[in-house]
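Heads up, the chain below is alone and in the form predicted alone; it's given as structure tokens.
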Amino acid sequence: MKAIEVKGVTKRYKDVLALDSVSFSFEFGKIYGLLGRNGAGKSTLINIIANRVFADKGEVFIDEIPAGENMAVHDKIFCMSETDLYDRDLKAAEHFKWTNRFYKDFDLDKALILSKKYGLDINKRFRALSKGYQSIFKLIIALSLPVPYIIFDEPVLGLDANHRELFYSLLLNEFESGERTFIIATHLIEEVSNIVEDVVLIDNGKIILKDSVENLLEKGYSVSGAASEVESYCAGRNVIGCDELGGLKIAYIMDEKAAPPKESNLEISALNLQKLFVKMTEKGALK
């Protein structure tokens, strides 16, 4: 099976249970959105998959190969990390050369072309780059590596609107030019909602949702109106959250859509991915 498979992974930091028996998979050939609030376990999960942190229990497999401390998966996966892991005194050009030594398929020519597109001065030392250009440098490294699985951890941190759009365009071009898997971990959910195919939602160290964006947007909706009418409509339905103001109420629902009774004054509205994420991760939303 071509996939990143996470099987029963648990990770604890002293009194904090960061991941709690997590099991799921990233299938090959898709663009995923990995979503989670701060402290949800997203970064820990990414670091375990990327072999930067070791799980207390469980295991990760990449194309059925055990990933833990296994050089056999080195050329299968790369993680662009939000954390700066590069030598701050080396120039961008020097980092490209070192990456070319560690990854045999690193496309140095592509890295130089992308640097020109982004206006990255490759003769600047990493520490001399702005936060935005440090992110751009890391994006260029990732986009120039033709490995099957690439994880982007907050990839557009510090980028302006034009540079963010360029990244999304380049990402889609890379995806269309050859079947690969891209995993985008981000809090800018609306920006990626038209790019990602599937969403994995992590909260309190557990995977609470794994579904296609198409299914989520089809099933997610809100109903608003008088509180008594809304409550009557919601009976027996999967309500993920509510907002109330005076005698009015809005209920957020993940279920098959059903028209309200003809005599009611209820209003049905579609939900976007951002609102679904917020309501599903609100305290107590899934209890």
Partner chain sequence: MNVSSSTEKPIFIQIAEQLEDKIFTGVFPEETQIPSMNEISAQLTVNPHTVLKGMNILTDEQIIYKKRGLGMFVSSGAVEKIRRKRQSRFYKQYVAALIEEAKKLKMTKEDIVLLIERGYRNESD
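The structure presented is a predicted model; accordingly, all values stated were derived computationally and were not measured. Positions refer to the first chain, counted from 1. The term rigid core refers to the maximal set of C-alpha atoms that superpose within 1.5 Å between the two forms.
Keep in mind that the form predicted in complex with its partner chain is missing from the display, and what follows is about it.
In the predicted complex, no heavy atom of V200 sits within 4.5 Å of its partner chain. In the predicted complex, its partner chain sits beyond 4.5 Å of every heavy atom of W98. Contact between R37 and its partner chain in the predicted complex is not found at the 4.5 Å heavy atom cutoff. Of the heavy atoms in S193, some are within 4.5 Å of its partner chain in the predicted complex.
From the list 125 to 133, 67 to 75, 98 to 106, 166 to 174, the contact stretch for its partner chain in the predicted complex under a 4.5 Å heavy atom rule is 166 to 174. Checked against its partner chain in the predicted complex, the candidates I31, A226, V53, C234 yield a single residue with a heavy atom inside 4.5 Å, and that residue is I31.
The candidate spot formed by E214, K257 and A270 lies fully in contact with its partner chain in the predicted complex, as each residue has a heavy atom within 4.5 Å of it. Annotation: Cα of Y118 displaced by at least 2 Å between this form and the one not shown, core superposition.
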